[in-house]
Ligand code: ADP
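In structure tokens, the next block holds one chain alone, the form predicted on its own.
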Amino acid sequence: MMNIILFGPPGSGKGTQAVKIVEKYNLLHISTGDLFRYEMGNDTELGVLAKSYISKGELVPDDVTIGMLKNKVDANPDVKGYIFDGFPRNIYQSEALDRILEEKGHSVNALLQLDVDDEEIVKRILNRGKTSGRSDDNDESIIRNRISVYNDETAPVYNYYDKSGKSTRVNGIGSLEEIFDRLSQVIDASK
């Protein structure tokens, strides 16, 4: 089983590249944003709980997010592997992911970080904001704050997996195909 964490700051291209990786390697794409929308849209117990935080402008607690992720993994036991997009966001979530996979006799094979400098990220998100419908994609100060939060809270996940030799930085600048080729080389080497 192949389990990959696609990692990087907002606007680094994770969602775009995840689609291509899913197609090539036949993995199940697990995006925390998709999980939230599904659970809330179906008024599950976790979805109702998540809504109660989001409606107040608060972050959904780790344990709620982890519960949603565990439900998705448990509901899809026969896949060839998973690509995690937007998860884990901190060390606590990393440890939980390791436990969830370990219970099934698996582990994370690789964490692939898309390296993109801050100015390029700002440019990409502002461009995305023209069509995304997300107000936070149109405000440069909010975008820079999101990058700062990523650097402070999420970036340490790279080092967590790097201790076991699973983290790799991949240049996230170039054409979609060039970036995908770089990612594919790392994935093929981690099998």
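We number the residues from 1 along the sequence you see. The term rigid core refers to the most C-alpha atoms you can superpose between the two forms while keeping them within 1.5 Å. Owing to the predicted nature of the structure, the values given are computational and were not obtained by experimental measurement.
There is another form of the same protein, the form predicted together with this ligand; it is not shown, and what comes next is about it.
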Does the trio 33, 128 and 146 actually contact this ligand in the predicted bound form, every residue with a heavy atom within 4.5 Å?
yes
Can you work out which of 54, 122, 28, 155 has a heavy atom no more than 4.5 Å from this ligand in the predicted bound form?
54
I'd like to know if residue 37 sits close to this ligand in the predicted bound form, meaning any non-hydrogen atom pair within 4.5 angstroms.
yes
Would residue 106 count as touching this ligand in the predicted bound form under a 4.5 Å heavy atom rule?
no
Does this ligand get within 4.5 angstroms of any non-hydrogen atom of residue 94 in the predicted bound form?
no
How about residue 134: is it within 4.5 Å of this ligand in the predicted bound form, going by heavy atoms?
yes
Those residues of 1 to 15 which, in the predicted bound form, come within 4.5 Å of this ligand by heavy atom
10, 11, 14
Fitting the rigid core first, would the Cα of residue 147 be found 2 Å or more away between this form and the one not shown?
no
One pair moves by 3 angstroms or more in the predicted bound form: the C-alpha atoms of residue 128 and residue 37, which are closer
Just to spell it out: taking the C-alpha atom of residue 50 and the C-alpha atom of residue 13, is that distance smaller or larger in the predicted bound form than in the structure shown here, given it changes by 3 Å or more?
closer
